[in-house]
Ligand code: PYC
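Shown next as structure tokens: one chain only, the form predicted on its own.
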């Protein structure tokens, strides 16, 4: 299996060029469902140690349905197939340029959540125009075992988020274990209490928002991903959901740009324009760097061929 690895603000992406199962044709949402339900062992083997690493997201290149798109992609981590991935789209764009498949300028990429537009500004810098994002619940209070009442918003940015602002725990690297434990408890509580999307979609990510003393940075976040690892980047789909909340509260004007920082200090530049359906069209600018090109081997006599499952 031929793969190229990159990181976006510290968050790893593994682009799979060949060697994946045949998912057939048709809409990417159907192919993503097929990957999730029929090939779990495949995507987990690519993401889990010893081949993968915590927080890594896979980007499986597939043929797009829309002929105006330069690529189709299905994202996944060790625990779930994702509708969209912002950091992964930045990493994929830089990888496609590294392969000589695209040049500087604007391009369209098809994902299971819809078509997104990317602009490659230089060999490392990409602006992603995401799908329309929206807040669906404001000020929902959960009863979180071990933490009590926790209030936040439910928003969609390509994945489903429960967003707590402000965080009851400072967003600092020394607190990552505490932040992880709390956000896992919040996600479990949201699912147990039936809090999610309009059609009952479960929360798959949790964001804790915090302040920062840096004058040019709007805020810091901690983002829990489906595999219970934290996002090293500020999370593209999470930033999109966050923009929807800021817009709904009148706390950010259309076109106004802010800097969102992650728990490790990496950053995105964010802005939005109003969407046609009452939400927002997010713009996310970040940097990715290619770090490896490899051929993955799945030997039959390897006792950890399927990955290390604990």
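No experiment lies behind these values; they were computed from the predicted model shown. Positions refer to the first chain, counted from 1.
The same protein also has a form predicted together with this ligand, omitted here; what follows describes it.
- Residue 57 belongs to the set of residues with a heavy atom inside 4.5 Å of this ligand in the predicted bound form.
- Using a 4.5 angstroms threshold between heavy atoms, residue 225 counts as touching this ligand in the predicted bound form.
- Although the partner is absent here, residue 236 sits close enough that one of its heavy atoms falls within 4.5 Å of this ligand in the predicted bound form.
- The closest heavy atom approach of residue 205 to this ligand in the predicted bound form falls within 4.5 Å.
- This chain lacks the partner; the member of 111, 183, 159, 93 within 4.5 angstroms of this ligand in the predicted bound form by a non-hydrogen atom is 159.
- Proximity to this ligand in the predicted bound form, taken as a non-hydrogen atom within 4.5 angstroms, holds for one residue of 73, 85, 155, 128, which is 85.
- Stretch 228 to 236 is the answer when you ask which of 139 to 147, 94 to 102, 228 to 236, 173 to 181 has residues with heavy atoms within 4.5 Å of this ligand in the predicted bound form.
- Along 1 to 34, a single residue, 11, places a heavy atom within 4.5 Å of this ligand in the predicted bound form.
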